[in-house]
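Quick heads-up: it's one chain on its own, the form predicted alone, in structure tokens.
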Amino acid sequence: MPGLLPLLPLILLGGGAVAAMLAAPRAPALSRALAALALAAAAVAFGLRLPAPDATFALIVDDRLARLAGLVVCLSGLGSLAFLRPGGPSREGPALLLLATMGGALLSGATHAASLLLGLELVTLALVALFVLPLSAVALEAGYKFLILGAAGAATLLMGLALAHAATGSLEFAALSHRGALVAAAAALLLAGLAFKMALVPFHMWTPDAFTGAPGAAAAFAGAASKVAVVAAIVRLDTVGPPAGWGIGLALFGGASILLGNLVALRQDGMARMLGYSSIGHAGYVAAVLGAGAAGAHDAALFYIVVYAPALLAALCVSTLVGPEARIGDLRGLVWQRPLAGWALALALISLAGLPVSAGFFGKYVIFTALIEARAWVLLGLALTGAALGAYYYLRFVAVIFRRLPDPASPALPGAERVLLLLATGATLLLGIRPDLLLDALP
């Protein structure tokens, strides 16, 4: 029986959430500090245990995949907290962010239906509350859509789990390794429920409204941290050998998401909405490579989603600084007004476009390589088309950032946002030069 050390990150996140919630009504600054401390401590705990031997519990496993995904989820949570605006109705924001992070960390190590459902619902319900925190009409609409569609996704996932139990008598992930019509139906419903969390077409409808109506920090967590956790769960399910329809479904969802996400993003002038639609395309690359079933598909998917996280955090942080409804024209001359924000946004968009010298370039490289190895020519064609469309609309925004303005004066960036942009930019550059640092750490 393993000790409690593998559970330390979850204990830190849970204890921190309770402490931050208690401090929120009277001392919001203390609540924010406690949340940051808990997130940092959990990230350190995950990081220090990366080379440790595996430990198995009844509902979760503590292996390299769970620790790496948990580490990225905690760092993404910390990054989101940096630009989560304090005060007013947002006092409970840090505690909610901790609960969502705990759900993501739990999901990363889930091996049982109970831990899978608990992790997903912790993330979903905490995000619903985070989305509506501004109490504005657009925020309420974003939260309402996420809640309704999330309930539909959870019901679908529950039905899949129930069918798997009826067919095999087990709620372990390994139940999906059995064969038969009932198990195939269970795998299809389970995949549909997870596709909602990944914002894959046709379960993507909540994403654009979440990116434009919800606080930027909440959208960043939904787009980065929660997707890292869901990808870890899908990779773990994929390793048990689910029915053949599982891979076909992933490939169909992935191909449709690449095409639709990038085509619609092409027409967007709003920064957050463009990032929302493009995030559907990025989720599509991950689903497509997992569906293709190449030998290196798991490493490619994990590498891609991990390097996507800092770029999205930096882009949404700058978008929030410019304004809640920032459009392409509002970015004009940003690099002369606020050099750090301008350069960080430019590099983040270049990484999202998959251009050198950024981590996103190697992200696209490993995806294309895995699709070629799997001889998935249709998916490769869709991925290349999506990458070309993405390069066009991302570079539209990058070009505007470097246009000169007659008056470059502008207020300085807040300290937390400065640190986040420096770290996210550093990570994107470092992994663009040394991708082996992450590739060697993958399970």
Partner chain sequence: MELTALILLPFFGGIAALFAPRWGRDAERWVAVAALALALVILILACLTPEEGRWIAFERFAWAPSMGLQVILAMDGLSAALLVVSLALGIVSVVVSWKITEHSGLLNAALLWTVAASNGVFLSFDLLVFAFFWELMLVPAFLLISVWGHGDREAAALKFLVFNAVAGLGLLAAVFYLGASGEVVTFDAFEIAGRQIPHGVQVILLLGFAGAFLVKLPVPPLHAWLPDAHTQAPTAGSILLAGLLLKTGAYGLFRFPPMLFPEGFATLAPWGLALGAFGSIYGALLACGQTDAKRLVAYTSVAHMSIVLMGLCGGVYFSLMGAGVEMVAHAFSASALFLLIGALYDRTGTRDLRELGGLQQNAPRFAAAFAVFFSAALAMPGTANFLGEALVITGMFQVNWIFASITLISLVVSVVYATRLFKRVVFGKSRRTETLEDLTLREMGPIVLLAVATLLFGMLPQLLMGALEGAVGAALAPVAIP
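Positions refer to the first chain, counted from 1. Bear in mind that the values here come from a model prediction, so they are computed numbers and not experimental data.
Unshown form predicted together with the partner chain; subsequent notes refer to it.
Taking 4.5 Å between heavy atoms as the contact cutoff, choose which of T369, S177, S170, T239 touches the partner chain in the predicted complex. That would be T369.
Which one of D330, E373, E325, E141 is close to the partner chain in the predicted complex, taking close to mean a heavy atom within 4.5 Å? That would be E373.
Which of 98-106, 224-232, 353-361, 194-202 lines the interface with the partner chain in the predicted complex (heavy atom within 4.5 Å): Of the options given, it is 353-361.
Answer with yes or no whether R26 is in contact with the partner chain in the predicted complex, where contact means some heavy atom within 4.5 Å. R26: no contact with the partner chain in the predicted complex.
If you check in the predicted complex, is R403 within 4.5 Å of the partner chain, heavy atoms only? Looking in the predicted complex, residue contacts with the partner chain include R403, since a heavy atom lies within 4.5 Å.
Verify the contact flag for V18: yes if a non-hydrogen atom of it lies within 4.5 Å of a non-hydrogen atom of the partner chain in the predicted complex, no if not. V18: no, not in contact with the partner chain in the predicted complex.
Interface membership of R396, the partner chain in the predicted complex, 4.5 Å heavy atom rule: Judged by the heavy-atom cut-off of 4.5 Å, R396 is in contact with the partner chain in the predicted complex.
Sequence-ordered list of residues in 317-337 near the partner chain in the predicted complex, where near means a heavy atom within 4.5 Å: Only W336 sits within 4.5 Å of the partner.
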